[in-house]
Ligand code: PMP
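The chain below stands alone, shown as structure tokens; this is the form predicted on its own.
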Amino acid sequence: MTTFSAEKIRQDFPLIKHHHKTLAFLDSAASSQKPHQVIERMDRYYRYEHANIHRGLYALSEKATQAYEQSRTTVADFLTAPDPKEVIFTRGCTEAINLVAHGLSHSKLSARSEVILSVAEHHANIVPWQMLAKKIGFKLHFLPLTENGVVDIEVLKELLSERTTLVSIAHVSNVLGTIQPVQAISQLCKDAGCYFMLDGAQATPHLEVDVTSLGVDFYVFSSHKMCGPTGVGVLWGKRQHLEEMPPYHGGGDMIEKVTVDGFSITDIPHKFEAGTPHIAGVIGLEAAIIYLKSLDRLGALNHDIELGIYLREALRSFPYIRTYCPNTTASALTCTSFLEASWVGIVSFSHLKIHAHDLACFADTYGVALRAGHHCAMPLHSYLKTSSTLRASPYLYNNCADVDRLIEALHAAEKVFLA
């Protein structure tokens, strides 16, 4: 029996609580709101604990260093990773992907290489590889999707070869909300002898993640989509791979020794964390993880799915609206374990007669915040044969009243635009 209560959760989020009568925030896939536990933890660090880390020999610096490194251990536990030293803090998911791309470009990628992505990728998992492909000359492949919105495994089987260096896909689509069949893909990559990376930006807010059982070589995610602060992300990689990769940035804290003739590199994780990091942000990320782990996470996931279903069914009453989300029955979408999950409740849709941007602006007058455009996924929108969509992404603090407010706004918009 679920112990999850959205109404109780709403009290933890100052913005949601403050605007509870005037705002339906349905854009958490872009960036979630923050609970007071995260805000207060970061405030406490800045007020009473701030000092630079790793180099100070005084108590305050040692305390800040301890808090920062404890966050690394918490992240490793969150990912069920075997070693906290495999956790690299970055500025976000985008930098984490670029770090991997930079590392592989030095010794693993050549003109003979092939990299496999999917048409559903966020630009952050496309552009770095396109830049490298142009520079190095390797070939990029893009996997199509099945009717269920996941990558076509049969096409992947055909594309994998001895030339394949990497398969990199989003664990959860930021447009469709669909969860990829990761274990099946992982086994294929293992058999082919290539790296496998998952972009977990949309997965970590909703799912329990075990990088070991997933069988991935690299896993990346962002703090700000899972109740944490902006400007912080994580790259997890297998120790062997991280040790083989060169540093991404040069500067303080990533060196062992520097002379006028050269330098030597320190060990992981610090060789990838040059300069003063976002200390408060990393501490805030730990607070976000502690907060999420205190919840009934499976209950929270089913809550998000049920709101997505509620919205999907309500949108079916609009003859000019087309939805881009699973058409599976509601009973098949809710789950009794994370392994059963196939969707996280994101609903993208388009109106055949009103532009997405116009609808989003109109919805804002009703206090509804939702995303409009291509959601940094232009290839997917081309694949879906639409230039833009509206995206509603329910999360912990949303309720049926938020969806009802959106539906009310859409009805009002049609009266104005289709009059």
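Source: prediction; values computed, not measured. In this text, residue numbers run from 1 along the sequence as written.
Another form, the form predicted in complex with this ligand, is not on view; read the next lines as being about it.
Taking the partner from the other structure, this ligand in the model of the complex has a heavy atom within 4.5 Å of a heavy atom of Lys225. Looking at Gln180, you'd find every heavy atom of it more than 4.5 angstroms from this ligand in the model of the complex.
Mapping the unseen interface onto this chain, Asp199 counts among the residues with a heavy atom inside 4.5 Å of this ligand in the model of the complex. Mapping the unseen interface onto this chain, Pro269 falls outside it, with no heavy atom inside 4.5 Å of this ligand in the model of the complex.
Contact with this ligand in the model of the complex, judged as any non-hydrogen atom within 4.5 angstroms, is confined among 216-224, 257-265, 140-148, 240-248 to 216-224. Checked against this ligand in the model of the complex, the candidates Ser71, Asn174, Ser168, Thr204 yield a single residue with a heavy atom inside 4.5 Å, and that residue is Asn174. Think of it this way: in the model of the complex, this ligand has a heavy atom of just one of Ala341, Ala101, Leu159, Ala124 within 4.5 Å, and the residue is Ala124.
Residues of 79-99 placing a heavy atom within 4.5 Å of this ligand in the model of the complex, in sequence order: Gly92, Cys93, Thr94.
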